[in-house]
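Single chain ahead, written as structure tokens, the form predicted alone.
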């Protein structure tokens, strides 16, 4: 089959023929219908410092956001059938470590990530464990089904635990309006948040923040975010902060804008270690801090399914898919994302 392959420890990718994947007893073979480009794929393409330190085995078929039709199931597979429309939970866990056995599979100690540690979805076919195949309603738009993995990240940022406080009636601040930040705005709006503040420097993405339901979109290069949030909340500050950018100034802003006793979810990944004023930002403020990685397996997936039953929410997620192209043109997609002239790009497995 044809696939998008990272085969050198340098910038770029190759499109070439590779061996067809074969499922084991507990696996499913999926014919890829759609796949979406993630920031992780962009890092691998650019071969930045994260990719150089993280990617261990080359050549590697990249890509981890996808949907497809099950074409073959292993002999020990139950619950997934040939013909099912599935999306991939990309965290392949061992099921035996302490984290897995105490309900925290999403932070498995021995996790493998599709498209990073094992071959991914920018290809005609992919094999994953049946356990990782999320069966969708057959009528779900494949474009939307391809982005359930990042949508799950957004939902997890808003609802990071079963006992988290109800967002309804609260003030929320979203720092960074990349795809997951924008999705989180849509999730917050459905959760009944009183007012949503979004922070972004790209005019292109600022417009999408408004479409997702942000009440106020702030450009930090033109306005003081903390002063604006405090003014608009009668001095209270944000009850919920989602830091989605990874920019150190945004992290500082998030803690300063957080109301005492509020909660902050950290999903953005800084390029380098950052310092935090722990005394004033967390301890004296009584802040609750959540580190967000992936999706809770599988609580988040059920929450995503429920949200997608709301037509207006589905329409918002569809709106974020700004470009559709063939996998043969993936480098064009990388350039669009690098220049922030796209939000979400969905690829069809066409290579000629």
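Computed from a predicted model, the values in this text were never measured in an experiment. Positions refer to the first chain, counted from 1.
Not on display, but discussed next: the form predicted in complex with a small molecule.
Engineer: Look at the stretches 80 to 88, 276 to 284, 226 to 234, 195 to 203 and give the one with heavy atoms within 4.5 Å of the small molecule in the model of the complex.
Structural biologist: Looking at the partner contacts, the answer comes out as 195 to 203.
Engineer: 35, 68 and 147: each with a heavy atom within 4.5 Å of the small molecule in the model of the complex?
Structural biologist: Not one of the three qualifies.
Engineer: Does at least one non-hydrogen atom of residue 95 fall within 4.5 angstroms of the small molecule in the model of the complex?
Structural biologist: No - in the model of the complex, heavy atoms of residue 95 and the small molecule never come within 4.5 Å of each other.
Engineer: Taking the small molecule as it sits in the model of the complex, is residue 160 in contact with it (heavy atom to heavy atom, 4.5 Å or less)?
Structural biologist: Although the small molecule is absent here, residue 160 would stay clear of it in the model of the complex, with no heavy atoms inside 4.5 Å.
Engineer: Using heavy atoms and a 4.5 Å limit, would one call residue 179 a contact residue for the small molecule in the model of the complex?
Structural biologist: Yes, contact at 4.5 Å.
Engineer: With a cut-off of 4.5 Å between heavy atoms, is residue 292 one of the residues that contacts the small molecule in the model of the complex?
Structural biologist: Flag for residue 292 set to yes.
Engineer: What is the one choice in 250, 127, 111, 116 with a heavy atom within 4.5 Å of the small molecule in the model of the complex?
Structural biologist: Exactly one residue meets the criterion: 250.
Engineer: Tell me, which of 267, 186, 155, 240 has a heavy atom within 4.5 angstroms of the small molecule in the model of the complex?
Structural biologist: The option sitting close enough to the partner is 267.
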